[in-house]
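Taking the form predicted alone, here's one chain by itself in structure tokens.
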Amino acid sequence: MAASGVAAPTRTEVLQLYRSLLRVAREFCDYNIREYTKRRTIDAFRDNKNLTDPSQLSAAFSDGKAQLEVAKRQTLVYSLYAPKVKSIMDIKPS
């Protein structure tokens, strides 16, 4: 039913968005925020994996793109105010 005029994103575009969100999550210097962003990305994509309606797919995809932009801005803000001491989770055993 293409009567709605909404073009659903392709599988490649969705996977590209997923990878981009995970890449941005790795840029957070704080362990807790990094893991939260990663977990939230994985959970959101898992929740939306069974969407079939093109309008719902497009809405979820545009929401994901908006979240990507927010995450990019937040990595910059968090890098400006990075904690001086590393988290115990970031310290590698020697």
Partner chain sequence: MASLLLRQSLTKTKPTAIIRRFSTAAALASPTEYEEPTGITMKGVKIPGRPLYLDMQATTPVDPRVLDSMLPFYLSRYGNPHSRTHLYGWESETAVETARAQVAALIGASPKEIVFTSGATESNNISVKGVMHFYKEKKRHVITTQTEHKCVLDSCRHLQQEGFEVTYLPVGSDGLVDLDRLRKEIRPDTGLVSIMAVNNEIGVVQPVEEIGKICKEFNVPFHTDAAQALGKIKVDVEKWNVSLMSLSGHKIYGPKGIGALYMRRRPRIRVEPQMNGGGQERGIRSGTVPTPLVVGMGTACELAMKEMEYDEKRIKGLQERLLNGIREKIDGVVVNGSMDRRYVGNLNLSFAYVEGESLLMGLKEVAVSSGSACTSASLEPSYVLRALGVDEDMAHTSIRFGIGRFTTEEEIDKAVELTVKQVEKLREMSPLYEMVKEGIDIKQIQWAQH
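Positions refer to the first chain, counted from 1. The structure displayed is predicted, hence computed values, not measured ones.
The discussion below concerns the form predicted together with the partner chain, not included here.
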property	result
The partner chain: the contacting residue among Leu68, Ala59, Ile33, Leu51 in the model of the complex [heavy atom, 4.5 Å]	Ile33
Close approach of Met89 to the partner chain in the model of the complex, 4.5 Å, heavy atom	yes
Non-hydrogen atom contact Tyr18 with the partner chain in the model of the complex at 4.5 angstroms	no
Contact label in the model of the complex: Ser79 to the partner chain, heavy atom within 4.5 Å	yes
The partner chain contact in the model of the complex: Arg11, any heavy atom under 4.5 Å	no
Interface residues of 34-49 toward the partner chain, as seen in the model of the complex [heavy atoms, 4.5 Å]	Glu35, Tyr36, Arg39, Arg40, Asp43
